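Only one chain comes next, encoded as structure tokens, the form predicted on its own.
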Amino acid sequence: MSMILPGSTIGIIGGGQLARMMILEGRKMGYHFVIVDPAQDCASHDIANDQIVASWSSLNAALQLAKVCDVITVDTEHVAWQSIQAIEDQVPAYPSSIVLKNVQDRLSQRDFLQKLDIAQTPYVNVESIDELRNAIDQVGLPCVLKTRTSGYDGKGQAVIKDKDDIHVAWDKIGRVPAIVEGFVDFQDEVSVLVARTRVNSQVRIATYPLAKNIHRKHILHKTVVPAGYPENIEKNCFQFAHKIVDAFDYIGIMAIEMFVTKQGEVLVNEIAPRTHNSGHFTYGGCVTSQFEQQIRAITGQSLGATTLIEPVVMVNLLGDLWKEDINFQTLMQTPGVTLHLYDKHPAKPGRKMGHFLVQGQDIEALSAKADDLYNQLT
């Protein structure tokens, strides 16, 4: 890949908080930005150089973006891979259409991991209620039914605990093609954030510390780093991540979510070919944030250090918290705490509006402190 110098224009399909933080980091490095987003007042609209108001999957918007940009990336994987494929011969685009095609469809993603011999939960493709019954016989109960496309933050999913739940679950996901996955009795979900690029034709990979994730109602609530796992488990997580990015010949940041079972086995759960919510701890918690690293990777620069500055806890702030009198004063006056708000409107239940970091030396004390600060907002 050719190096893309400061002064060049980076296109981002998607104008949410991930794009916003990429732009904030990229501007310090001398780059200009054009975004594609259907919302005129999206989180990035006021800091981008220009905006194309259109759907993330608009072919016309992708073609228009390709004419004015030197490289293109995304802040969501829900971009039509066909649109990226249509512009790849005109401008570098990361992730590639091949990556998006394999990741957007959960069946394709599972098949891809299986070919790499990467440990994961058992899964079966289902396209009818009868196939769903047969799949349950194969993977057992309980299990999870997931739409093959468009799911996130628990959307498009249904847990099946017994056979009486089959019809309700099938109706809940809209009776669309899906996969059934075996239920994992895990002790924690963790994520690996890995960056990969080419510098002078040489592959470079940089991996961030393993992060432990705690969810509420299927939405990430808190990330704790370091995760506190022994070296052998961390090694397995990193090996899986490196194997995946190399198989894709990937350029950019990728987040890989994994389960650590109660027996200490590591199972890959999901691939996100972009900067990721669980990587927000890097934005102030590491020498190089995931957002700066993404810009470095897609422009052919050397990758920055991924060193953790000190233990850190990240807590998501959802729209459920927003009230007319919401008061961030305590957060802002507490040493070791950094507040990040995304300038998103309006605040809605379940919508990610911001996050805060708590940094210090004792990770258990930090986690308790983060809980206390969060509870003062509720």
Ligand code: AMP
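No experiment lies behind these values; they were computed from the predicted model shown. For every residue, the number given is its place in the sequence shown, counted from 1.
Not on display, but discussed next: the form predicted in complex with this ligand.
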* Determine whether any heavy atom of K161 comes within 4.5 Å of a heavy atom of this ligand in the predicted complex, and answer yes or no. => no
* this ligand contact in the predicted complex: F291, any heavy atom under 4.5 Å -> no
* Exercise: N269 in contact with this ligand in the predicted complex, heavy atom 4.5 Å -> yes
* Asked: Wondering, does E257 line up within 4.5 Å of this ligand in the predicted complex on heavy atoms?
  -> yes
* With this ligand left out of view, choose which of P177, G182, P226, G304 has a non-hydrogen atom within 4.5 angstroms of it in the predicted complex. => G182
* The unique member of R133, H218, H167, K115 whose heavy atoms fall within 4.5 Å of this ligand in the predicted complex -> H218
* For the chain seen here without its partner, which of 191-199, 139-147, 81-89, 231-239 has a heavy atom within 4.5 Å of this ligand in the predicted complex? -> 139-147
* Looking at this ligand in the predicted complex, is some heavy atom of each of Y283, T338 and Q361 within 4.5 Å of it? -> no
